[in-house]
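Just one chain is shown here, as structure tokens, and it is the form predicted alone.
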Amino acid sequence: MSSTSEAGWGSRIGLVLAMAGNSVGLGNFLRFPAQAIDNGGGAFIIPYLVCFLLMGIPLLFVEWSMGRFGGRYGYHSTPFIFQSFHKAPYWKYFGVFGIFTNLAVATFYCYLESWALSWAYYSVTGEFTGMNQQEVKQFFTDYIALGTNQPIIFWLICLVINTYILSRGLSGGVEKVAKIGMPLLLLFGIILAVSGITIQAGNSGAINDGIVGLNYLWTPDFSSIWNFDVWVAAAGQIFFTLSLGMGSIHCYASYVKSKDDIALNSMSAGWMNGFVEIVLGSAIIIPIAIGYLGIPMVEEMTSGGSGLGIGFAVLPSLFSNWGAFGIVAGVMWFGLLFFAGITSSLAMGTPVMAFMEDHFSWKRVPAALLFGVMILLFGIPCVLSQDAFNEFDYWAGTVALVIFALIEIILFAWVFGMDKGWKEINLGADIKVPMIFKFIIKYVSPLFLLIVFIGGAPAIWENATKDSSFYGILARILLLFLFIFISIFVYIASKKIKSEKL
């Protein structure tokens, strides 16, 4: 067994914080509030919570229990976790998605993460001090256009940090970062949320009270509930925010002892993520932006459901209205985003390392280096071109998640069998899981996922057939190559397992 396997998790709180860190990412603070504004405000919380209860929580139960079950047989990545549920050889190739998605998402996610790291640095050095909104926006535009070498430098620093932490293993690296990063994230978030909500019109250039922004965000447009696109957006946000359909939860859970609780652990991580997203994610960028810019401008900035523009190109200039505290606020905001990002990207690296350690006897350091090098090579197009970035984001960060989740819940509830699956969920559970979830996991969640997939099929076809730039086409080729490349390694690993059993 690999060194990472032997180390496992040092404590239950470390596991829960690492799982929560896996879920709590940039999307909690940037994407969620923008999605809410774009999809009915307060009414968005209705489809969001429905999706959370009918798809999010059930899939958390499924992925945690699948991971623990596979770990019982010494498997810590989804190809062979899947095959531990059914011996048919094709299941392990469906499990390839659980390595592919992590690698593909990490290629652009680590670059976003490096933005947060660099913006925290610029906040400390006073780079944004005295800049107005237009100047910060131009700085951001020049930065992502690679106007200097600094984006590359910070990206490489970010890759080195991720690789080093991963090389320290679960308890010695990932868990330690989660125990430091998650409490700091919550502390920074609470301070910024209180500061944003208590903005008063007429003070320091504010045109609205901070509470106006919060009220605006959660003012419901109930007509949006009947819009299918809003439900798709809510389902997509649940996937994005809980890191479902990726394989990272399976990997983390595979290091849980065979009879340790997974029911309460999964619920704890899920609800902690929900708290961060709904409470803190809602109370920072929108109240601050509306406080200083007004509602019409914020509506324009959040059109399309992305908060990147406000988060990076607007907030630094607004923090300057807070005087000396503005520098501290900038460090906390971008430090918060960095902690949210790195706890997620570390989770993306763990399944890759686990696969190489389990089936090719690699040590931690070489396995971590492999992840770092692959993110470097596959990430270059995402750094150089927004088109490549968007292709990786769409195919790996959206489409692959739904496909993988639909496959895994069919395997768990219908192939393995819901009776055995329910027993696995409740094995060693510290809470009594309501029986209604047995019905939901078997019937409601698969149907829900199927509807989302079918409803999104026209958009998938449109994206697959549309013309693209050189970098966009290159990204598609690289994604296909990556999936085939991993599949070949899974095939080789399966041959090794068979030969070892003879």
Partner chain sequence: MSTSALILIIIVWTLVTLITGYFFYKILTIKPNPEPDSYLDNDQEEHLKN
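What you are looking at is a predicted structure, and each value in this text was computed from that prediction instead of being measured. Residue numbers count along the first chain shown, from 1.
Keep in mind that the form predicted together with its partner chain is missing from the display, and what follows is about it.
Colleague: Hey, of 224-232, 275-283, 409-417, 106-114, which bit sits against its partner chain in the model of the complex at 4.5 Å between non-hydrogen atoms?
Modeller: Partner-contacting stretch among the options: 275-283.
Colleague: Run the contact test on 16, 45 and 264 with a 4.5 Å heavy atom cut-off to its partner chain in the model of the complex and return yes or no.
Modeller: Yes: 16, 45 and 264 each sit within 4.5 Å of its partner chain in the model of the complex.
Colleague: Name the single residue among 268, 208, 163, 84 that comes within 4.5 Å of its partner chain in the model of the complex, judging by heavy atoms.
Modeller: Going through each option in turn, the one that passes is 268.
Colleague: Please identify the residue among 214, 293, 328, 365 with any heavy atom within 4.5 Å of its partner chain in the model of the complex.
Modeller: When its partner chain is considered in the model of the complex, the option within 4.5 Å is 214.
Colleague: Should residue 260 be classed as touching its partner chain in the model of the complex when contacts are defined as heavy atoms within 4.5 Å?
Modeller: Close contact exists here: in the model of the complex, residue 260 approaches its partner chain to within 4.5 Å, heavy atoms only.
Colleague: Does at least one non-hydrogen atom of residue 179 fall within 4.5 angstroms of its partner chain in the model of the complex?
Modeller: Although its partner chain is absent here, residue 179 would touch it in the model of the complex, with heavy atoms inside 4.5 Å.
Colleague: Please determine whether residue 255 contacts its partner chain in the model of the complex, using a 4.5 Å cut-off between heavy atoms.
Modeller: Judged by the heavy-atom cut-off of 4.5 Å, residue 255 is in contact with its partner chain in the model of the complex.
Colleague: Would residue 483 count as a contact of its partner chain in the model of the complex, using a 4.5 angstroms cut-off between non-hydrogen atoms?
Modeller: Output for residue 483 is no: heavy atoms all beyond 4.5 Å of its partner chain.
Colleague: For the stretch 196-231, I need every residue with any heavy atom inside 4.5 Å of its partner chain in the model of the complex, listed N to C.
Modeller: Contacts from 196-231: 197, 211, 214, 215, 218, 219, 220.
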